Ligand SMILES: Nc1ncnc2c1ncn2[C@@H]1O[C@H](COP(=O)(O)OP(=O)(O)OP(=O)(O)O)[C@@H](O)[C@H]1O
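Okay, so here's just one chain, in structure tokens, the form predicted alone.
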């Protein structure tokens, strides 16, 4: 249980006000009460600085949401827990967006209230501050900075509200990790979690993959097969790279979100879909909507709640923790003794921008573990003479005293530059449609995505691409 705290309790029901006050005073908390939002605001304007506010959602006059918004303006750092006798999804989501720390449904037992107060004010509030939270399947979550702690708190709240969640962020930032965290914290945690990469499955197969098919639905369909939505019944499904889903299939997904119903290919029977849908993408949403690559109605349906995952360069505090955990995980996986991280290497990792984010960091640790060469690893993170930090070497000086690396080094550098130019040209010609560019280059879609990251090719404008550090 947390130490004694100063708590402002706001509720318009006298009986509930007395009941909650008694529960709080049993634990020696100092309790100030208010029966309206206006009264609560007046108390805080007159100098009251509570550690925690317990705020009823439905009240006469200004309701709990408006009171919450005004309280946060008066004291931005105050923690607010919403109290509600109904589990109104829209209001809960709005409260989270306005900055509520948690919510609790009335009536509740003392143990439930104690848990919420501990999480807000007690020792439990730091449970995940910099600690590794194991999510299974070699996945883990770290919250060592303010942004990630806030995201973790929002994920915990939205996990209990059965609405779609859209996760945005650069490639490799950990959108799937966030999806697994939401699933783990939700009432569906004991059910199936499935991930479907919409970009990795060909468009003509994605529909049957998601919704299943009956025998004879198409050539080669010799027997019926359930889709991911059936397999994941009562569980959680992550639609990764949702922006790459064909618009025609987006319409069918919209129907599932609206009516919780779908049909297998080749079937007239309607099946019920009891599935929590999470979606993730790294595309530019306004551009995708303008280009009609993402349906506007689907976006607003998925956008019930959005989590923006920051890139690793904006949460550098986590890098030492991530390095150590990746090393522990990979050394066990490859049956090798873990290698230490010197102060020089930690400094190099802390200053590097990690354009590939967590994925690049994990691969870096893997290479260091396998090769065992600290100098080589540190050198990999140093900026190059072209100012971009590109992984390939520039053409060496013929007059310098440093060794040139010979013909092999020159050939490798020339090959990398030519390949990067060919990829940039193909992307220009297809207006950055990566599927068409992959077909034009005669490589797989996944290979193209990897090489875009490897060479750091960025869509700066129609005719200009920048080569920067890659994974």
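Fair warning: this is a prediction, and the values are worked out from it, not measured in the lab. Residue numbers count along the first chain shown, from 1.
The same protein also exists as the form predicted in complex with this ligand; that form is not shown, yet it is the one meant from here on.
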Problem set entry | this ligand contact at residue 177 in the model of the complex, heavy atom, 4.5 Å | yes
Exercise. Looking at the partner-bound form in the model of the complex, is residue 149 within 4.5 Å of this ligand by any heavy atom?
Worked result: no
Exercise. Would residue 172 count as a contact of this ligand in the model of the complex, using a 4.5 angstroms cut-off between non-hydrogen atoms?
Worked result: yes
Exercise. Should residue 240 be classed as touching this ligand in the model of the complex when contacts are defined as heavy atoms within 4.5 Å?
Worked result: yes
Exercise. Any idea which of 323-331, 105-113, 223-231, 67-75 reaches within 4.5 Å of this ligand in the model of the complex, heavy atoms considered?
Worked result: 323-331
Seminar exercise, completed: this ligand in the model of the complex has a heavy atom of only one listed residue within 4.5 Å, and of 341, 141, 368, 352 that residue is 141
Seminar exercise, completed: Students should find that, of 84, 282, 101, 119, the residue having a non-hydrogen atom no more than 4.5 angstroms from this ligand in the model of the complex is 282
For this session: Enumerate the residues of 326-364 that have a non-hydrogen atom within 4.5 Å of this ligand in the model of the complex, in sequence order, or give none.
Result: 326, 358, 359
Seminar exercise, completed: With a difference of at least 3 Å, the CA distance of residue 373 and residue 450 in the model of the complex shows the atoms farther
